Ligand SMILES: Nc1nc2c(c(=O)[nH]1)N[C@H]1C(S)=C(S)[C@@H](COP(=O)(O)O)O[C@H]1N2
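The chain that follows stands alone, in the form predicted on its own, written as C-alpha cells.
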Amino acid sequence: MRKPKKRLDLDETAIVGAALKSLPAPARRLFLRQTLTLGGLSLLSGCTLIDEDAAERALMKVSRFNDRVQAWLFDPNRLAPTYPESMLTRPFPFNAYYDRDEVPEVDADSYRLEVGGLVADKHAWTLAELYRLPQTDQVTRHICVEGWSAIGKWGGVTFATFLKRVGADLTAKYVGFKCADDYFTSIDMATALHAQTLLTFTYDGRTLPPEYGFPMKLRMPTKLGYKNPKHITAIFVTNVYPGGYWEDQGYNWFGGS
C-alpha cells in the first residue's frame, strides 16, 4: 500500500518574505527550488504539490508573478551605469548554449532582417540600410545569470529609433526576436524603448565579431545576459506572449534590474 506523502509545517511569513526578496533577481527553476520549499510554492501559487509536474507548474506560476512585479518596479527613465573605456573587459567572454566552433556563419551580402507583426513597414532590411541609421555607442556591464559580469563597448542604433522608423505599434506589449542560431526571446515594450537599448552592429569600435553576435545583437544593460539575443534575423511586434528559449524552460521572462 502506497503511503501518503508527508506535508511540512511551514512558517508562511518567512516563505513569503524570502520570495519577495528574490523578486528583482532572475528566477530559473533551480534558483526557485533552492529558495522556496514545495510548501512555500503551494502557498504562493495556490497549487497542491503532489508530484514533479505540479511543482513545475507552481514554479512557473511564481516566475510569472515575479515578471509582473519586476515590470511594475521597472523605471523606463532610469539608466544603467556606464563606464570609461579603460574598464573594458579584455577579452570579453564568449557565452552561448553551444561551443565556440558552433557559432553560426551569417553571410553579410545576402543577409536580410525580417520585420513583422504590428508594424507599418515590413520590408526586409539589408545591413547597408541598417548601418545608415543614426549610430551611437555605450560602455555598459553585461551581467550573466550564471554569476559573472563583464564590461563591453557596443555600438549601433537605439532600438526606439528603429521601432519608430518601421512604424511599430508602440502600445503593443511585446517585441520578439528570432536568431540564426535558433535562439529566440522576447522583451516588454518599455524595455524596447529604453534609451540604452541598442540594436548593435559593432563591438569596441569594430564590426561585431561572429562570437559576439554578427550581424547584430540586441544590447540591453537593464536586462540579464540571456535576454540579449545575438545573430538576429527577425524582429516582430505583438500582443501575444512569445516566450523564449530559456524562458520556456523556466527562466524569469522579464529578466530585468
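In this text the structure is predicted, and so the values were computed from the model without any measurement. Start at 1 with the first residue shown and count on from there.
We do not show the form predicted together with this ligand, though everything after this point is about it.
Quick check for you: of 138-146, 125-133, 76-84, 160-168, which stretch puts a non-hydrogen atom within 4.5 Å of this ligand in the model of the complex?
So the stretch in question is 138-146.
Report yes if all three of 211, 217 and 246 come within 4.5 Å of this ligand in the model of the complex by some heavy atom, otherwise no.
Contact check passed for all of 211, 217 and 246.
Listed residue (179, 151, 113, 119) with a non-hydrogen atom within 4.5 angstroms of this ligand in the model of the complex
Only one listed residue qualifies here, and that residue is 179.
4.5 Å heavy atom contact, residue 183 and this ligand in the model of the complex
Contact with this ligand, yes.
Are any of the heavy atoms in residue 95 no more than 4.5 Å from a heavy atom of this ligand in the model of the complex?
Output for residue 95 is yes: heavy atoms within 4.5 Å of this ligand.
With the partner left out here, check for me: in the model of the complex, does some heavy atom of residue 201 sit within 4.5 Å of this ligand?
Contact with this ligand, no.
Any of the heavy atoms of residue 197 lying within 4.5 Å of this ligand in the model of the complex?
Result no; residue 197 lies far from this ligand in the model of the complex.
Though the partner is not shown here, which residues of 225-240 have a heavy atom within 4.5 Å of this ligand in the model of the complex?
Sequence-ordered list: 225, 226, 228, 229, 230, 231.
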